[in-house]
Ligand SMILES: O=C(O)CCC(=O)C(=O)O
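Taking the form predicted alone, here's one chain by itself in structure tokens.
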Amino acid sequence: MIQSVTEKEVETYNERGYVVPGIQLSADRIQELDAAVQRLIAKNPDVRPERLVSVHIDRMNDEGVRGDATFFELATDPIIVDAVEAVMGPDVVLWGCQVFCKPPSDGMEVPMHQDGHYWPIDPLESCTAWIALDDCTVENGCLRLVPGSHKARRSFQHGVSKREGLVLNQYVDDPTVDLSMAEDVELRAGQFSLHDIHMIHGSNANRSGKRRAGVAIRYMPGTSLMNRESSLTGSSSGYMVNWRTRPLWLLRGENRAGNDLEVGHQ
């Protein structure tokens, strides 16, 4: 079984801004994660299943979601962390983990956006591991990416939408961006993708009869600092995030930017 990201896959990530490694999680692991998703939804009946933020915190977190330890185990799994280290570098800080579970028939749309508009990280560097818990296809609203959109290392112009049925309310509204170049990233359950923080991405609504569940795990290099005093704390993105008390974990290497690794831990 393939256990590591190849040099060719690292080159693909650098060139295109994302890659689907040849590594994947076992069927037994996916079954465990599926059970965790069901527990999560049952414990958070008032939260849309596409907005289950900081689920790796095994308690009621400061963003209004009661998490599950299974997701922390996933976020610290060497299979995932090794892959992130291969594309991002040796200093790896875990800072986020969100379940995006689109129910059959009424799964919400994620408009095309860049994550950097929502995250107070400086310098703006981060890698997201997106793990498929179901077979994610065009039919049920798989991840969509604009390859190469990370290369400029800049934030493109965004607008704010008041449309209902959106997970996030900001969307790319920049005349220099050709969204018709977006690619669908279909994944089998157990596969995962890695994408750069500057990548333009989103996903369509799920109008099929099949659930589409995935876990997005967020890592930043130890050379970046999370701004805990950011004005982005609050619900301006469409749901509550709290940067002031968001816990961080140094998983590999050094905390070179001096992030506070004590805040938010119990």
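Start at 1 with the first residue shown and count on from there. Nothing here was measured: the structure is a model prediction, and the numbers come from that model.
FYI, the form predicted in complex with the ligand isn't displayed, but the following is about it.
- Contact here is defined as any heavy atom lying within 4.5 Å of the ligand in the model of the complex, and by that definition each of Lys102, Asp115 and Leu143 is a contact residue.
- Among residues of the shown chain, His201 is one whose heavy atoms approach the ligand to within 4.5 Å in the model of the complex.
- Taking the partner from elsewhere, Arg212 is found to have a heavy atom lying within 4.5 Å of the ligand in the model of the complex.
- In the model of the complex, no heavy atom of Leu124 sits within 4.5 Å of the ligand.
- Although the partner is absent here, Thr128 is a contact residue: one of its heavy atoms lies within 4.5 angstroms of the ligand in the model of the complex.
- Shown without its partner, this chain lists Val53, Ala216, Ile30, Val47 as candidates; in the model of the complex, only Ala216 has a non-hydrogen atom within 4.5 angstroms of the ligand.
- For the options Val87, Ile80, Ala189, Val110, the one in contact with the ligand in the model of the complex, meaning a heavy atom within 4.5 Å, is Val110.
- Figure note: of the listed segments 230-238, 56-64, 37-45, 216-224, the one touching the ligand in the model of the complex, with heavy atoms no more than 4.5 Å away, is 216-224.
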